[in-house]
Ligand SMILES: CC(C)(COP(=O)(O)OP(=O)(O)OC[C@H]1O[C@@H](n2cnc3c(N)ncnc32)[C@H](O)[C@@H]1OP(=O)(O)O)[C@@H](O)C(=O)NCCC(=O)NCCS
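In the form predicted alone, a lone chain appears below as structure tokens.
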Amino acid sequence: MPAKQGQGIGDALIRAGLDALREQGCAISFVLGHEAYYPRFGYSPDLAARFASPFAGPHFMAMMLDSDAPWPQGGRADYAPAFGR
């Protein structure tokens, strides 16, 4: 909701989600979103570009969640089928 923007709600939700992914042992996270917003959390279109995806472009970004994990050389990134409906 536009009236609620700028209050840090989205920031808090994203950071909580990233913390939950780290707790689950996820090494990498992808996002499809605004290319000027998500880099502040560490997302990069350059890392995502290593992955074949129907969502390729500047709005498709990835970030490493585990600083000790090796950076992937590439692969394929797709949404779960439920999101393709």
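All residue numbers refer to positions in the sequence shown, first residue = 1. All values reported here derive from a predicted model rather than from experimental measurement.
Keep in mind that the form predicted in complex with this ligand is missing from the display, and what follows is about it.
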With the partner left out here, check for me: in the model of the complex, does some heavy atom of G10 sit within 4.5 Å of this ligand?
yes
Would you check, heavy atoms only and a 4.5 Å threshold, whether P81 touches this ligand in the model of the complex?
no
Would F55 sit within 4.5 Å of this ligand in the model of the complex, counting heavy atoms only?
no
4.5 Å heavy atom contact, H59 and this ligand in the model of the complex:
no
Checked 27 to 46 against this ligand in the model of the complex; residues with a heavy atom within 4.5 Å, sequence order, are H34, Y37, R40
